[in-house]
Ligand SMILES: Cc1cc2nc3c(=O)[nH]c(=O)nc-3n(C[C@H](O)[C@H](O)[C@H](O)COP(=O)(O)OP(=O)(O)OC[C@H]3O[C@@H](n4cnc5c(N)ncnc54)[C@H](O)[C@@H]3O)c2cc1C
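In structure tokens, one chain follows: the form predicted alone.
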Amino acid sequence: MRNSEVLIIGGGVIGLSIAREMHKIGAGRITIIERGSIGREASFAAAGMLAPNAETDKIDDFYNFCAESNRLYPDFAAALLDETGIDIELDRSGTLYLAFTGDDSIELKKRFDWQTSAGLAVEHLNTRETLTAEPFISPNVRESLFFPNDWQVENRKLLEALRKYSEINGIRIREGTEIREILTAGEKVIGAASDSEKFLAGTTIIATGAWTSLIKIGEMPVSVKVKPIRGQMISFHPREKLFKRVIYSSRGYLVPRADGRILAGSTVEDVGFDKSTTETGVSALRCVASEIAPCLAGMTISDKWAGLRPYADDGLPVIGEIAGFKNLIISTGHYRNGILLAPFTAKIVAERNTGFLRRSLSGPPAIAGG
């Protein structure tokens, strides 16, 4: 039986970021419990895009949440470099959103009109301007939108930095341990248990991503319904650097890395806890990559992988307290935005009195947003 002041169940980017933030505000004896290896699930499989503007259709609480977390990233990246010596490669070159068809152009015009009216930073580029910005894009491109405030980060280095922060600062990490049950004494949560061990804590935080619904509180399932959605990815490693920034379309995206790799993604598949890659998925991703950049059509795929994104009932993050239980916080359901939302989620969970919306889980899901 092990005692902690704070017990965090789940060692992905959300759990790790919360652990760091809890430590920074003075929490002691923090323990992270991870069913597999730290950061090797959805967070490791992500593309690292920070795209609140290219992927939003309206200004609402969720957009404000995404935009605020994105604004935190420059300081977040600088702090992690200072704390750990690891550069998470925040790339602020912006994102280019392409149109190849008439329907694509209609969508871009709608997006440009409303975002311009809302005062967001977006620029319209014609064909010539688009190809000047990114010469290896297909000449079939019609036009594009440029989002200067949509960035990217090397998500695997982010995970490395967050883990190193934990190790440097005495945050205990326990891998290969699957939590089955949240332990209670009346309405008070007192920790959690695996099949063979108990972990007692003053505060317990559930950050278990796609596996959230498998945990019980006492004899009852967690009231949050989260399911895994598989996302397959592929990558190329050309001899020369082809792109300066993230290239996005309605059918997929390319993400150029500092080491020369180009990531192409991604599929959206409701297939349970199957994390395998498939010929169909890989073929679809190659088609997306080839539409954006025909020079990739015959290029060898250097790597392929898949991750399981945590999808809540309404597609929005679940952050807050679970009604009827004290000393228990949940932070899950970040779906395709775990990397983007990590720094602000951590602040919300750690501070708890930020004034942002918090969910009472006796009712329908909501988000923590602005």
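It should be emphasised that the depicted structure is a prediction, and the values quoted were computed from it without experimental measurement. Heads up: residue numbers just count along the shown sequence, starting at 1.
Another form, the form predicted together with the ligand, is not on view; read the next lines as being about it.
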> Is the gap between residue 120 and the ligand in the predicted bound form 4.5 Å or less for some heavy atom pair?
Replying inline: no
> Does residue 215 reach the ligand in the predicted bound form, with heavy atoms at most 4.5 Å apart?
Replying inline: yes
>> So, residue 35 and the ligand: in the predicted bound form, are they within 4.5 Å at any heavy atom pair?
In response: yes
> Hey, in the predicted bound form, is residue 322 touching the ligand, heavy atoms inside 4.5 Å?
Replying inline: no
> Given that the ligand is left out here, which of 292, 207, 96, 162 has a heavy atom within 4.5 Å of it in the predicted bound form?
Replying inline: 207
> So which of 49, 316, 329, 54 reaches within 4.5 angstroms of the ligand in the predicted bound form, heavy atom to heavy atom?
Replying inline: 49
> Out of the stretches listed (177-185, 293-301, 77-85, 127-135), which one is close to the ligand in the predicted bound form, meaning heavy atoms within 4.5 Å?
Replying inline: 177-185
>> Within 4.5 Å of the ligand in the predicted bound form, counting any non-hydrogen atom, which residues from 314-339 show up?
In response: 334, 335, 336, 337, 338, 339
